[in-house]
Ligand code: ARG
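Next up: a single chain in structure tokens, the form predicted alone.
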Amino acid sequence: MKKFLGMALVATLILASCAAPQAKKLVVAQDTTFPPMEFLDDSKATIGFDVDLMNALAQEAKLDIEFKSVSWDGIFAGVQNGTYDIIASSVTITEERKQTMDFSDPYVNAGQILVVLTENDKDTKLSDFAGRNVGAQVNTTGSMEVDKIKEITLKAYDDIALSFDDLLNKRVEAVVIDTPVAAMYIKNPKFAGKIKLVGDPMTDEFYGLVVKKGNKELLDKLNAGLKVLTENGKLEELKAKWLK
């Protein structure tokens, strides 16, 4: 009897070892300081366009995901070294970035816009701020636009919310930021009536989801999911909810 039980136990262990492996939970990195795309609500829960988008994609592509709030500084290194599987954090697709990471198909067009104090009735374009301080988030296309004008002093922030605080306190005289995010801030009770958008978007750029360079299997799943969400109207539904 003992011998039979022992053989049965061995057989059970062998079958268990041959069972299909559990699907890996994918870590989705986000800088949660970027409303309305990804930010924390009053209860410290992460909400926003990209959160809803990734949940819809996960359901469509049958992906098991978990969100991780991280600092923007270092977020790309995290996906490159495998700490994160996906970045869903308002990442603008650029040719430079495409050299070191892979992007999904674009899902939002979000050009850079200029934000100034409401009392400023004379400055309407970035070049008007030559010789002055302008804020933008570090390592973003907004900071790249400011850097193009050498006469402007760029003040770079890891947390974009701090740039708007500095704008109110006149430590910077303008902020360059993605249009959807700027629109969210001017409606925020803290800033409403105190800041405004001026001029037209100075760039035409698109957000994409990021995966490690060469991860074609995951990229194909994300793109297939985006295609379905576009065709069934879910993507437009999310834009209406968060961006208008």
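On a predicted model such as this, the values are computed, not experimentally measured, just so you know. Numbering starts at 1 and follows the sequence shown.
Omitted from view is the form predicted together with the named molecule, to which the following refers.
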item: Answer range among 188 to 196, 54 to 62, 41 to 49, 204 to 212 for contact with the named molecule, defined in the model of the complex as heavy atoms within 4.5 Å; value: 204 to 212
item: Residue among 164, 72, 84, 107 with a heavy atom within 4.5 Å of the named molecule in the model of the complex; value: 72
item: Close approach of residue 139 to the named molecule in the model of the complex, 4.5 Å, heavy atom; value: yes
item: Heavy atom of residue 91 within 4.5 Å of the named molecule in the model of the complex; value: yes
item: Non-hydrogen atom contact residue 155 with the named molecule in the model of the complex at 4.5 angstroms; value: no
item: Contact set, 25 to 39 vs the named molecule in the model of the complex - heavy atom within 4.5 angstroms; value: 31, 33, 34, 38
